[in-house]
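Before any questions on how it binds or moves, here is one chain, the form predicted alone, in structure tokens.
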Amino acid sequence: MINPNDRLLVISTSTIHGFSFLEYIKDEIKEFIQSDEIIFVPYARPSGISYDDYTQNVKDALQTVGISVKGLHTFENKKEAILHAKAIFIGGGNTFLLLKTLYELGLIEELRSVVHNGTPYIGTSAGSNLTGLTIGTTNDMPIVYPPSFDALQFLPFNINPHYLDPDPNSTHKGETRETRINEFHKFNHQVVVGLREGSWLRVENGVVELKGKLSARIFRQNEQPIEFESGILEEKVYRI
């Protein structure tokens, strides 16, 4: 179900409490890409940050582990840049804006092609949403309209990054994250993996491994959600 050539780091968040941007995950990134160069895709623009500033943040974070970073926005021929990238990193922000921009630039098929041919792919937050079947389980507001909710579809399920458990002491009466995913499952059948902050999926040779110190919450249509501890996520867990 997963292309055996795909190499993915599907990271819930770029920043966790007590650490600077990418600090907790940069050694994993370095070991994973087996390269010293990344093309960074800044189109999700968290908080409306500019492409240059967003890329600079990534440069500053990864230079300490010997990785050089080039922003995709700086290339005149972006398709060629993707096709020749040693590794690709798509950052977080607004998933709707990210996907809309990639469709407008005609980069969806190029991204699928290079990853299926073995180019390492790293996603955080919105970039992780794109690895699933659709972006229907993003936490973001639809501030723009992509032509489709179809994502890159490297994984045969959906991702919900930044997954939050209900606070039993909270007086908040609005919907929980679990409620929102249950609403999604009234109209969609694919499995949803809720990734808590500080956790990530590493995908190689068709095998999905949950890494980090926290469990993930697995949602299947018409079933009770289950907690999955770190380790290999067997196909039967996410297969429909």
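Quick note: we count residues from 1 along the sequence shown, nothing fancier. The shown structure was predicted, so the numbers you read here are calculated from the model rather than taken from an experiment.
Below, we refer to the form predicted in complex with a further copy of the same chain, which is not included among the displayed structures.
Every residue in the set Pro142, Glu183 and Phe187 has a non-hydrogen atom no more than 4.5 Å from a further copy of the same chain in the predicted complex. In summary, among the residues Val114, Leu97, Ala81, Ile108, the only one with a non-hydrogen atom within 4.5 Å of a further copy of the same chain in the predicted complex is Leu97. Screening Asp60, Asp52, Glu37, Glu175 for any heavy atom within 4.5 Å of a further copy of the same chain in the predicted complex leaves a single hit, Glu175.
Of the stretches 25-33, 64-72, 167-175, 201-209, only 167-175 has residues with a heavy atom within 4.5 Å of a further copy of the same chain in the predicted complex. Contact annotation for Ser148: at least one heavy atom lies within 4.5 Å of a further copy of the same chain in the predicted complex. Proximity of Ile218 to a further copy of the same chain in the predicted complex falls outside the 4.5 Å heavy atom cutoff. Interface membership of Gly93, defined by any non-hydrogen atom within 4.5 Å of a further copy of the same chain in the predicted complex, is confirmed. Although the partner is absent here, Thr137 lies within 4.5 Å of a further copy of the same chain in the predicted complex, judged by heavy atoms.
Although a further copy of the same chain is not shown here, in the predicted complex the stretch 204-224 places no heavy atom of any residue within 4.5 Å of it.
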